[in-house]
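Shown below, as structure tokens, is a lone chain in the form predicted on its own; questions about how it binds or moves come after it.
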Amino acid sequence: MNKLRLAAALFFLLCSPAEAKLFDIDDFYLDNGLRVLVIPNHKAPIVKHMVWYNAGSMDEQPGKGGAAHLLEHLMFRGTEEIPGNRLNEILEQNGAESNAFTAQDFTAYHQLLDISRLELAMYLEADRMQNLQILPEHFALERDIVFQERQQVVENNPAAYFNEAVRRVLWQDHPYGRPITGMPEEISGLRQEDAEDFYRRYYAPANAVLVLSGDIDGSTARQLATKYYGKVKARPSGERKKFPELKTDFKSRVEMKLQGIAAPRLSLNFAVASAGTDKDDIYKLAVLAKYLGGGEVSALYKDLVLKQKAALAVSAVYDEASRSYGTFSINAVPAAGVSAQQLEEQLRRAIAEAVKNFDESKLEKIKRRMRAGLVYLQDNPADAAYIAGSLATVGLSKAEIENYDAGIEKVTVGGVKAAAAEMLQHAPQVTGILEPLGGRK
């Protein structure tokens, strides 16, 4: 699940009646420090098996950008017991969907499979947690693949290239400003010992969270986790990075004209509170994002798209699953005949008007809309695993995950307005405008 999908899914998390258990999680630790979350769902004989490591691109050493992502690739290159590509082959032969992803704060490895194949997945994952074997030829091959991915995903993708530039400016000297992929020159400069060092530092049981979501109960999960992961030796994990504080009242702009862009794009980007920095504010910001730009019934969509016809699309996304600051973004596409600069003026006025007009009636509608998504979330083991795992990895307790929805129920009109004022007036922010080189097509 990418960050946008995760942020959208988190809206569904904030939605059940107060004091109800959202997932009915069983949470325990093994003797080696591995945290285990079990989310029972017996509607189908499947299970989502995930291992989250509390380490991502922000934990890389200076100049070693891309090491976390490269290690993710190398984790599929085998151990002495399961060499080469055998891990993927075995999982495919057993009908499992298997993949992984690297983010700023964490790296996760996951499989969706029949419950009868769970022990196989646990054996394979526990094996590479402690026995990864990096061969020189595999390292060289995967480094080249990661470099080519960088070229395709960023260097040859104008929208991604632009978004990366916006992030660099927004995050100032913070590690979040570094791209997850690493810069091309950093990737080329990586050595095998860099990946091995990252593995030794952070891929330890006490720095990981195992999530089992699906047709399994807590007792069985404890037995199987102990059987497979309990054999992994405990070892110290790397020291956590200290996050630099961002300059408040920081405002900047990034404007680009690039080939390959069909229509202008506008984005307002803010560094705000997150689950890792200020749990009290995340509920207010989640409601604010849903109210401003959560779909075709949102305040900004109705104003700018339907009423003024100044935009073709507008949305707001709040990413709160972070160890450091979170990100709040408002994105819009101008309608034909409207420049990005003109839309920016209208968008800022529309935001101010929407916040001014926010009242009890609108708040209750937002809460009802957020509650409406809960049924799907609780019925989907994969999304439940993603959400519980990401929040646990950035530091939330079982109680905070289970009662997360209660925080939304306590949100007030005044609280949302205060959070909006703080964000718009004092949060670090960057306005981004991307336009087609040579004009709109």
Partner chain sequence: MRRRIYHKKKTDYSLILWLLLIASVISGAVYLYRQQGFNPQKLVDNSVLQGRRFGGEVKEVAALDGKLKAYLLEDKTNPIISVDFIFKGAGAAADPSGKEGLAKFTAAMLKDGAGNYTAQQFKEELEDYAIGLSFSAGSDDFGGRLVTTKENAAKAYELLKLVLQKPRFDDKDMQRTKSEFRLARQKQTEHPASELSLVFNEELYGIHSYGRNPLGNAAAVDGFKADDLRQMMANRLAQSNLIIGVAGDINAEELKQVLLQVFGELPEKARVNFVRDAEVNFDNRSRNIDRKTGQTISLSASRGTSRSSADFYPLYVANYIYGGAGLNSRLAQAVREKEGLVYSISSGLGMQDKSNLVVGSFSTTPENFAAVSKLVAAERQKFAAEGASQAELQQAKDYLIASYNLRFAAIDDISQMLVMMQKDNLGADFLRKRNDYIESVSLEEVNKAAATYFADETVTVNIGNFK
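Numbering follows the first chain given and starts at 1. Fair warning: this is a prediction, and the values are worked out from it, not measured in the lab.
Beyond what is shown, the protein has a form predicted together with its partner chain; the following relates to that form.
- Taking the partner from the other structure, its partner chain in the predicted bound form has a heavy atom within 4.5 Å of a heavy atom of residue 114.
- In the predicted bound form, none of the heavy atoms of residue 244 sits within 4.5 Å of a heavy atom of its partner chain.
- Looking at residue 158, you'd find a heavy atom of it within 4.5 angstroms of its partner chain in the predicted bound form.
- Heavy atoms of residue 410 never reach within 4.5 Å of its partner chain in the predicted bound form, leaving it off the interface.
- Partner contacts here mean any heavy atom within 4.5 Å of its partner chain in the predicted bound form, and among 70 to 78, 234 to 242, 322 to 330, 341 to 349 they occur only in 70 to 78.
- If you check its partner chain in the predicted bound form, you find a heavy atom from every one of 224, 260 and 369 within 4.5 Å.
- Listed residues 317, 165, 206, 305 were compared with its partner chain in the predicted bound form; 305 is the one with a heavy atom within 4.5 Å.
- This chain appears without its partner; in the predicted bound form, the one residue of 120, 132, 355, 268 with a heavy atom within 4.5 Å of its partner chain is 120.
- The partner is not shown here, but in the predicted bound form the stretch 136 to 159 reaches within 4.5 angstroms of its partner chain through a heavy atom at 141, 142, 144, 145, 147, 148, 149, 151, 152, 155, 156, 157, 158.
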